[in-house]
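Okay, so here's just one chain, in structure tokens, the form predicted on its own.
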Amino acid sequence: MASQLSSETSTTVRKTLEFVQHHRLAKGDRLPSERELSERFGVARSSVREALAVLDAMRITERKPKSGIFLRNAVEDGGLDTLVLQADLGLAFDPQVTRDVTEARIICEEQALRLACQRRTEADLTKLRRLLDAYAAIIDADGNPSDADVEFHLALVAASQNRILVRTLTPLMLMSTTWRRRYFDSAAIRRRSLDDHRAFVDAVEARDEAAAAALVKRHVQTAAADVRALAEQGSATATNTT
């Protein structure tokens, strides 16, 4: 969503969320007026108005006539769209959210792959093999397969023939956009990911539910551990340079 907004509006959304978090505003608390936010953030009132429209649509804030702007729901109580927006804006998640996302993704993708083993079609397998070839070509060219990785995992889930599972996994994948490119900067991780993707297709083709489920858990947990290590490395680097 953030990519569809102007730069100033995206910045205003981010600063508004940061303001809410910094001041620990709770549901029902009043925010500063449009004019005050405009002056505080150094942006045009039109950008504040557009930013609040985004937050209103996501049920984070609400404007009451002649009363002001209020927090409708705490940021942490928002839906998956709110978490995707936070990721798009570069706002860090707390460890609890990161852990919860990992668990939710494992649960969602594991069950989807079990269904995919039962329901996959030849068309599904053809698409997965095509995506595998494209993924391998990107890696052979020393490219970053972050977008291809998302497309592959969503295609795996789509083989379950359950559209709700696809729609559930999509935001969980989009939440990782910020770190995904950095994660795939590693040639070793790119190769390991490709090997796992090939194993996914083999398990689905063989209708081996146990193998697919075990692979999902290992694949996602390993990636989560690698991301935590990258985050800790980044924090240590920032500390050492200040």
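Keep in mind it's a predicted model, so treat the numbers as computed, not measured. Each residue number is its position in the shown sequence, starting from 1. In this text, the rigid core denotes the largest set of C-alpha atoms whose superposition between the two forms falls within 1.5 Å.
Separately, the form predicted together with the DNA exists; it is not shown, and the next lines address it.
Colleague: Decide yes or no: are Ser33, Val43 and Ser67 jointly within 4.5 Å of the DNA in the predicted complex, with each residue judged by its heavy atoms?
Modeller: Verified in the predicted complex; spot residues all in contact, yes.
Colleague: Would you kindly say which of Arg198, Arg49, Arg207, Arg182 lies with a heavy atom within 4.5 Å of the DNA in the predicted complex?
Modeller: Contact residue from the list: Arg49.
Colleague: Since only the chain is shown here, I'm wondering whether Thr16 would be in contact with the DNA in the predicted complex (any heavy atom pair within 4.5 Å).
Modeller: Close contact is absent here: in the predicted complex, Thr16 is far from the DNA, nothing within 4.5 Å, heavy atoms only.
Colleague: Should Arg59 be counted as a contact of the DNA in the predicted complex, where contact means heavy atoms within 4.5 Å?
Modeller: Contact check for Arg59: no, nothing within 4.5 Å of the DNA in the predicted complex.
Colleague: Could you confirm whether Arg63 comes within 4.5 Å of the DNA in the predicted complex, counting heavy atoms only?
Modeller: Close contact exists here: in the predicted complex, Arg63 approaches the DNA to within 4.5 Å, heavy atoms only.
Colleague: Mind telling me which stretch in 169 to 177, 25 to 33, 190 to 198, 213 to 221 gets its heavy atoms within 4.5 Å of the DNA in the predicted complex?
Modeller: Heavy-atom contact with the partner occurs in 25 to 33.
Colleague: Check each residue of 144 to 174 against the DNA in the predicted complex and list those with a heavy atom within 4.5 Å, in sequence order.
Modeller: Heavy-atom contacts within 4.5 Å come from no residue here.
Colleague: Classify Ala44 as shifted (yes) or not shifted (no) between this form and the one not shown, where shifted means its C-alpha moves by 2 Å or more with the rigid core superposed.
Modeller: Yes, because once the rigid core is superposed, the C-alpha of Ala44 moves 2 Å or more between this form and the one not shown.
Colleague: So that I can tell if Ser67 moves, could you say whether its C-alpha shifts by at least 2 Å between this form and the one not shown after the core superposition?
Modeller: Ser67: C-alpha displaced by 2 Å or more between this form and the one not shown.
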